[in-house]
Ligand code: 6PG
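So this first bit is one chain, no partners, the form predicted on its own, shown in structure tokens.
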Amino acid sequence: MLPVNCKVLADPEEVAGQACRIVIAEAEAAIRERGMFRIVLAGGSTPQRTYEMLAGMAQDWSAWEIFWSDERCLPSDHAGRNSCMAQDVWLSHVAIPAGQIHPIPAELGAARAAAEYTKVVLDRKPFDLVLLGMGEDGHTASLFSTSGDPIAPVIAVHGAPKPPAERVSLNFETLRACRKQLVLITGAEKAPALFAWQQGATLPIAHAVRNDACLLADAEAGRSTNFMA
């Protein structure tokens, strides 16, 4: 079932604005309480506008630490990489120390990259915030199936149904190992999967998201659901 805290907003711009405010609030609270804010970023097109908004915010960027939920096995400078999108629209514009930005080294190949990134994330949990999106088939990160819950915190994904077939992803437990989850879903093509999730379908997104997560959808994605803004 869907998490308790769900909101349908008018359009993707409102989703991005609300998401930006939540990220900033979580960052300020984490830095105040623990001196560091650790966030796991989602890939795909939905969070891009949120990242663009964050680039214009005045923050204590020196206390931010950045991770990714998944990556495609492409060259490190390939435009199709999740890390490159975030770098281009946000991270290159703010003063987060380079040593606190941790892209998944997917250019090494899925298996080796998963092993290397496991070393990076093992002692960083719980993350302060994990940002997730959803594909039109109900996948999240690069988790396309709910069959089994791999023990390794970071897994190599082979034969993904969307290209490229080789990917690296945090597993379900790692995505849940956080103080807060924020899920962003926009676009009419996501509406069937969001409705199926609401009806109890065992989609990968349902397996990854905790009941106490915050879910923000735009009107197109949420048109078949019965939760309100």
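As the structure is a prediction and not an experimental result, all values here were calculated from the model. When you see a residue number, it is the position in the sequence shown, counting from 1.
Omitted from view is the form predicted in complex with 6-phosphogluconic acid, to which the following refers.
Contact check for K162: a heavy atom falls within 4.5 Å of 6-phosphogluconic acid in the predicted bound form. Although the partner is absent here, P204 lies well away from 6-phosphogluconic acid in the predicted bound form, with no heavy atom inside 4.5 Å. Although the partner is absent here, K190 sits close enough that one of its heavy atoms falls within 4.5 Å of 6-phosphogluconic acid in the predicted bound form. Contact annotation: V130 falls outside 4.5 Å of 6-phosphogluconic acid in the predicted bound form, judged by heavy atom distances. Remark: of stretches 64 to 72, 51 to 59, 26 to 34, 174 to 182, the one touching 6-phosphogluconic acid in the predicted bound form is 64 to 72 (heavy atom within 4.5 Å).
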